[in-house]
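Just one chain follows, in the form predicted alone, and it is written as structure tokens.
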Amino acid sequence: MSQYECVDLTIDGDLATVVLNRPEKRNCLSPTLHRNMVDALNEVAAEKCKVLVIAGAGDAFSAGMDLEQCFLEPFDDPEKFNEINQPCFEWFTHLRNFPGVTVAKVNGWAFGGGWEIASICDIVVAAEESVWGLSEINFGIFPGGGATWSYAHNMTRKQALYYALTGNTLTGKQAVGLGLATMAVPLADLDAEVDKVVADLVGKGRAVLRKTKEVYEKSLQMTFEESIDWEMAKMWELSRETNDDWIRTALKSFAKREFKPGLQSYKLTNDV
């Protein structure tokens, strides 16, 4: 694994953990951090990890973009401005389309870009005490760089516009009810809860995790009838890729009453 200035990356088998590491700046997203994340995510993808956990060092997840380094300083130089900020959009897009399961562990502040990172992850485990906010309105702009997309696709219209228009904050506990987080636990229990989620995920098949995400995302854009056709096509694709493992091993094992699919997970033999 490579060493990065603003990111700590660890890979342990099927699990990759990326920690945003600028605690003195509440893990604000600087140009260096953006470049680090581009490289780190490429490294994780090359290892074909099943699960990627994104966390923040210290007492924050991420307080958003480093306003001075990303916007103020390069603003009068359009070429430099684009050069500095393009890696941000690159790794945000990579995270959004990551083939493995992405889990955000939100321990503290999640503002602006930090809110966006959490929102585009597949699963979010938040500390009840964490504080979320879209503060862009407070300095005269609207949430950009994918942030509007991220809150619009997680919240109802009334709730989304309320927080975008007022800049008011919410807690991790509230984030669950608003659709931003999967679950919220006391900060003291956050590590243990994420470990439980990760253990559950890494026990599933690599191919079926990937296909489940693909089918879900595409089905959002389809009619019911179209989705049926898409789901069945992807089902046969998955069967082909895994040599029909779900029939040959999993369901045959179920028929012998060797495991209970409602309560247990079967380890496929042709996982890809």
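Numbers follow the displayed sequence, beginning with 1. The model shown is predicted, which means the values in this text are computed figures rather than measured ones.
Below: the form predicted in complex with a small molecule, not depicted.
For the options 241, 39, 47, 68, the residue carrying a heavy atom within 4.5 angstroms of the small molecule in the predicted complex is 68. Just one listed stretch, out of 111-119, 175-183, 151-159, 190-198, contacts the small molecule in the predicted complex at the 4.5 Å heavy atom level, and that stretch is 111-119. For residue 135, a non-hydrogen atom is located within 4.5 Å of the small molecule in the predicted complex, even though that partner is not displayed.
Although the partner is absent here, residue 63 lies within 4.5 Å of the small molecule in the predicted complex, judged by heavy atoms. Proximity of residue 204 to the small molecule in the predicted complex: non-hydrogen atoms within 4.5 Å are absent; the residue sits far from the partner. At a distance threshold of 4.5 angstroms between non-hydrogen atoms, residue 24 is in contact with the small molecule in the predicted complex.
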